[in-house]
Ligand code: DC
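Before any questions on binding or motion, here is one chain by itself as structure tokens, the form predicted on its own.
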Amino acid sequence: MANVIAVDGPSGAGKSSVSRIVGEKLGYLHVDSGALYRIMTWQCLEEKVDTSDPAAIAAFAANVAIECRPEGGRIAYYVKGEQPGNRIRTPEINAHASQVATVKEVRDRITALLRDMTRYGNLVVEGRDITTAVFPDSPARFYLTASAEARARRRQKEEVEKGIANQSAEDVKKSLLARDAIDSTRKYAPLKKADGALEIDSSDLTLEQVVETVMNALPTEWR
């Protein structure tokens, strides 16, 4: 059975960078579960689905075809034969993603996709319910967090580097806090620290220090 390193936490806590590097070090495939919810959101907006209507989202999501392929050390996603790229990383997607992600049918569909990925081999899976709902039995579960200020700085820097920045640091912070509130209070699979997961506050840590902390906490036979 495949090994799964599960990493949860709010936006900007460093999940993607840490998970990607840990995957590279171990030869595990990096899985960005958040991208799947963004893809669902992107497709809803493309097809003019009302993202305030859970029933409409549920009906639409059932028919969104997402192809998952292991390539380049990660699981890549394709929709209609192409990767979405930065089209799922815009402020507009950010503004609607939490609403789409609260829909149970969407979460059930994506949870099934994520669990099926173990057929490709060992994984590092990052998200918001990986340690609690998707892979709750993994012996390697981590909850990454950081101050709102630190997370906002990181997210804005990321947007600048991708050429999609159009918000101030303060606006980015407000957006992150708003999503935190929705994600942590949703009825189904809310964002929270799982019992037994190792919490790592990365506010004052370097990326290398967080990676080292994760690596040192893995089961000995996985390293």
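Since the model is a prediction, treat every value here as computed from it, not as a measurement. So that there is no doubt, residue numbering starts at 1 and follows the sequence shown.
Keep in mind the form predicted in complex with the ligand is missing from the figure; the text below concerns it.
A.B. asks: Could you spot which one of 186, 173, 154, 30 gets a heavy atom to within 4.5 Å of the ligand in the model of the complex?
C.D. replies: Comparing distances to the ligand in the model of the complex, the residue within 4.5 Å is 186.
A.B. asks: Pick from 66-74, 177-185, 52-60, 192-200: which stretch has a heavy atom within 4.5 Å of the ligand in the model of the complex?
C.D. replies: Correct option: 177-185.
A.B. asks: So, in the model of the complex, is residue 140 in contact with the ligand at a 4.5 angstroms heavy atom limit?
C.D. replies: Heavy-atom contact with the ligand at 4.5 Å: absent for residue 140.
A.B. asks: Using heavy atoms and a 4.5 Å limit, would one call residue 98 a contact residue for the ligand in the model of the complex?
C.D. replies: Result yes; residue 98 sits at the interface with the ligand in the model of the complex.
A.B. asks: Quick one: is residue 42 in contact with the ligand in the model of the complex, heavy atoms, 4.5 Å cut-off?
C.D. replies: Outside the cut-off, so no.
A.B. asks: Though only this chain appears here, would residue 104 touch the ligand in the model of the complex if you measure heavy atom gaps against 4.5 Å?
C.D. replies: It does not: once the ligand is placed as it appears in the model of the complex, residue 104 has no heavy atom within 4.5 Å of it.
A.B. asks: At 4.5 Å, heavy atom to heavy atom, what parts of 122-159 sit next to the ligand in the model of the complex? List them in sequence order, or say none.
C.D. replies: Result: 127, 128, 129, 130, 155.
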